[in-house]
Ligand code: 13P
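Here we start with a single chain on its own, the form predicted alone, put down as structure tokens.
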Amino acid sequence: MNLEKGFLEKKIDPSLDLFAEISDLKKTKNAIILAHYYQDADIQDIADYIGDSLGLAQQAEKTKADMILFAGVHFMAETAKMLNPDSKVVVPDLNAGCSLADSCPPNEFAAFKAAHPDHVVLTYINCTADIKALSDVIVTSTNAVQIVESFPKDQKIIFAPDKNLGAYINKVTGRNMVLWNGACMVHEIFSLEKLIKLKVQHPKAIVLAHPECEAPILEHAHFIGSTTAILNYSKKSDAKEFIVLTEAGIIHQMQKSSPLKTFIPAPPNNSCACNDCPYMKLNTLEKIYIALKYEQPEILMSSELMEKAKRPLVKMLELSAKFGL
């Protein structure tokens, strides 16, 4: 860990053109940059692929690159390593974690699973490799409803770790899945009062929400979907104004795709104007340059853990392909 910290603390010549340097490093090292929609705009602009969890997993599985730099959070880089074990996977900052993943400790979840022995375990991809290893099938917000509905109506299901996404799926499907009590800090602190005021100020605006938001927030949404689904809806819609209830990083792609439309980030229940994920924002161009140059910090896991955690991921990808997702 000290060695990895040392790489992060290396000084960078301020005169360097980081965009050009990163581009050169990708070529010489046969590296690819995968970035989540919640990254800063500059990182999205230098990425080879930008997407949500499902799209990023699909890209990680099929790439032929020798090295994957994952600009997202830790569990996403773990997923890339599991799906492409022959590639070296590096991250800009090992401290880029996830509040939702942290809300599901492996030992506690193992006990929870043991208390429901006749239940299938469906786990949202926003979790650690240890939790994936305890799961039967992984899901994302893109494919969760279809995967849940692929099971018989009488099949008992545990859904973890996001209780809000689980509750939304229960409502949509009419299921009664047992929910783990976890949540994403970004999607839980949207202010209902501020959202209502925004709707009054922008009466023609379409409200787009991610299903990780709490139920009272979702009741005000015109459209609920994954990050990619929200982006695609904004492209196709004839509306000119949108209130966006997810991490504000997605607005960069929305604005690029629809430059004549207005996108308003919904504010959280604090003094901030928009709702940024502090973990996602730990990644910077400087850290990406250093990670590519020195090939550190690297994601490493035991082969046993990788094999156990990979099985439910592969099952998810197989089902997603079957559903045309």
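Heads up: residue numbers just count along the shown sequence, starting at 1. Source: prediction; values computed, not measured.
Keep in mind that the form predicted in complex with 1,3-dihydroxyacetonephosphate is missing from the display, and what follows is about it.
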For 1,3-dihydroxyacetonephosphate in the model of the complex, the stretch among 172-180, 69-77, 84-92, 192-200 with residues bearing a heavy atom within 4.5 Å is 69-77
Since only the chain is shown here, I'm wondering whether Lys132 would be in contact with 1,3-dihydroxyacetonephosphate in the model of the complex (any heavy atom pair within 4.5 Å).
no
Contact test in the model of the complex: Thr123 vs 1,3-dihydroxyacetonephosphate, heavy atoms, 4.5 Å
no
So in the model of the complex, is 1,3-dihydroxyacetonephosphate close enough to His36 to count as touching (4.5 Å, heavy atoms)?
yes
Partner contact for Asn283 in the model of the complex: 1,3-dihydroxyacetonephosphate, 4.5 angstroms, heavy atom:
no
In the model of the complex, the one of Thr227, Ser234, Thr128, Asn164 near 1,3-dihydroxyacetonephosphate [non-hydrogen atom within 4.5 angstroms]
Thr227
Between 194-216 and 1,3-dihydroxyacetonephosphate in the model of the complex, list the residues on our side with a heavy atom within 4.5 Å.
His210, Glu212
